[in-house]
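Next up, structure tokens for two forms of one chain, structure 1 and then structure 2.
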Structure 1
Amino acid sequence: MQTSRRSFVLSAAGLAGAAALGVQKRALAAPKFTYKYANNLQPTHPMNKRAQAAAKAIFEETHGEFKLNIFPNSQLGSDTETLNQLRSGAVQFFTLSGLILQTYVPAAGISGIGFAFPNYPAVWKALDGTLGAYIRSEIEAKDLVVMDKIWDNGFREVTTSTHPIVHPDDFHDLKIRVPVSPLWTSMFKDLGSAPTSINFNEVYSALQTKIVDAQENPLAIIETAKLYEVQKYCSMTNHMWDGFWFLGNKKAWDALPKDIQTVVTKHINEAGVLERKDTEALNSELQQKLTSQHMVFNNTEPGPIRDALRKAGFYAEWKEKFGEKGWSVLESNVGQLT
């Protein structure tokens, strides 16, 4: 019986058997495609664990023809720099918050509107439904490739080194770091804070050296990036949900044969769905661990903060900026916001 190279290299048992029989092992040919995937999170975050597993599955299913090399922790540069590298093709894949992507694709920020989603089911219904489809079409119109399934970052909580956030007034004059995104800056200005745009790879040191006193992120990041070492209070504001679009460079994508594209798409989307489960679980269970790491937690009523945003004109302003089309897709998913 003839054994094709493919089934030969794939079967571990076959390899062992062949070695035992003294059959010469043939090395896998070098991959035809070696692509870079960059992200801003620690290797311990579910995003990187699931991406690692996907990369392995893709390598195996393409019989070694496609290799995805992962560069976590902003190794290739800040988010702003990596977005440029993705656009130029120096990096082929990148996961980026829709709100930071907003600097290039304005509509992509719309999922980050404050208090738009009450819970995770509402998030996935919208992002796997009409809202996600709308945002992806806007991303594709800018000549980027985007996978169907957005990956979870989570509901964001505010940490500070100074005081807990209980009432909207506690935001006043707060020196808070926000990601590089017009929507984020606008939201915290409207709450009366003094936001500074800083890429994630500089957040730990910005907090440590007191350039800022506060930041906001989901618990999975506060834990994996060890922000608890440089922050004291964690207020459970859940003020917005955030997710990562899995983006690709179009030219690099179009260079892949269809069958490889299919394998990559399948495993990345499957990994994204698993990453959602892991991250949601972590975000809901980490409070205890972070407490043992000396963070002081409090719950924050969302209503008054949302009212403060409304009064400051936040929703009206962004309704106009995102435009009738985007806003109506958002509201058809989550109800009236203004």
Structure 2
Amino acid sequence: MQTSRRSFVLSAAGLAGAAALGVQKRALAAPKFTYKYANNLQPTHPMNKRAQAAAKAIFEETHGEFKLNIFPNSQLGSDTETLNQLRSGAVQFFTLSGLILQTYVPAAGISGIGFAFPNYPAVWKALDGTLGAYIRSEIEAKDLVVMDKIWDNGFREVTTSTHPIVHPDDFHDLKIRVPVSPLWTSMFKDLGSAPTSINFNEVYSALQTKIVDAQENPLAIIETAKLYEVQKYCSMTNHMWDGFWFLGNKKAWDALPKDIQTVVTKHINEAGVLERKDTEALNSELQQKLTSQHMVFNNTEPGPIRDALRKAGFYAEWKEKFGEKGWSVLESNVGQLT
């Protein structure tokens, strides 16, 4: 009887465990919430690697109730198209450069002011501090959700086929490609360059055919787009820092239970901080890799270029555009620019 009873208990326990496992499998197979996250970077970029890890952690910690599907490399459309999808709710999450988000939230572009940040510690002090809080409040005023930690796209550098950028005069008459953004165009015009707005998918051919002689981007993009094949010099100007705000659709966010919101927020912010370290390390590696591809590197002293911009009225113009409040927050973090 004892053996039989013990067998029965063990069998019952096994059946209960199997049943529990079956319930767990059904829960994991059918999440209550399946949200889309879109971005414009390659799957191999640190942003997508960290996002994938965060999505896995969120899925596990919510016991399969929340699933984040990732759509990298602009699969769901251009930045402008995806921003519109985010606002309509067709996409629930989207990471976007503050310099492009500026078209919808003007204050978001203030972190990209030319030569404002000398290094990464200055960036994170400002963006994790009062400047970041100010920008997030402006984003939220547009009825979007935004995570606390901005993700890194790196400092932007200038490449040319003609000569390195060492002094402010080296910008004079330089035919340089810039994104479609008034902030870029304004800065390079004030440095005496001839900026031309060209879509990124046309940049390589524009450099190859000498429509422009120069361009500017973070090292990761310079390498992945193989711009070293049509550019000789890479000047480490660090003229703008660029980062990605992790944005959410407010209606979709409010539909999540508070406990799931807490889990999502925790893992997305943690992933953002880790992505920052990854990107900084990647930039160091890429300088060596691009050197092996015969690019010639030089470090550029920012002080004289900042002085030239100040003399040209660049900072005064953008102080007026961003407004006294935003500009005072920026200068409280980076020092006086005007």
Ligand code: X2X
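Rigid core here is just the name for the largest C-alpha set that superposes within 1.5 Å across the two forms. Keep in mind that what you see is a predicted model, and the values were worked out from it rather than measured. One-based numbering along structure 1's sequence throughout.
*Asks:* Of structures 1 and 2, which one represents the form predicted alone?
*Replies:* If we ask which form is the one predicted alone, the answer is structure 2.
*Asks:* With both forms fit on the core, has residue 310 moved 2 Å or more by CA between structure 1 and structure 2?
*Replies:* Residue 310: C-alpha displaced by 2 Å or more between structure 1 and structure 2.
*Asks:* Return yes or no for residue 160: a CA shift of at least 2 Å between structure 1 and structure 2, with the rigid core superposed?
*Replies:* Indeed, residue 160 is displaced by 2 Å or more.
*Asks:* Does residue 111 move appreciably between structure 1 and structure 2, meaning a CA displacement of 2 Å or more on the superposed rigid core?
*Replies:* Result for residue 111: no, shift under 2 Å.
*Asks:* After lining up the core, report the Cα displacement of residue 214 between structure 1 and structure 2 in Å, one decimal place.
*Replies:* With the cores aligned, its C-alpha sits 4.1 Å away.
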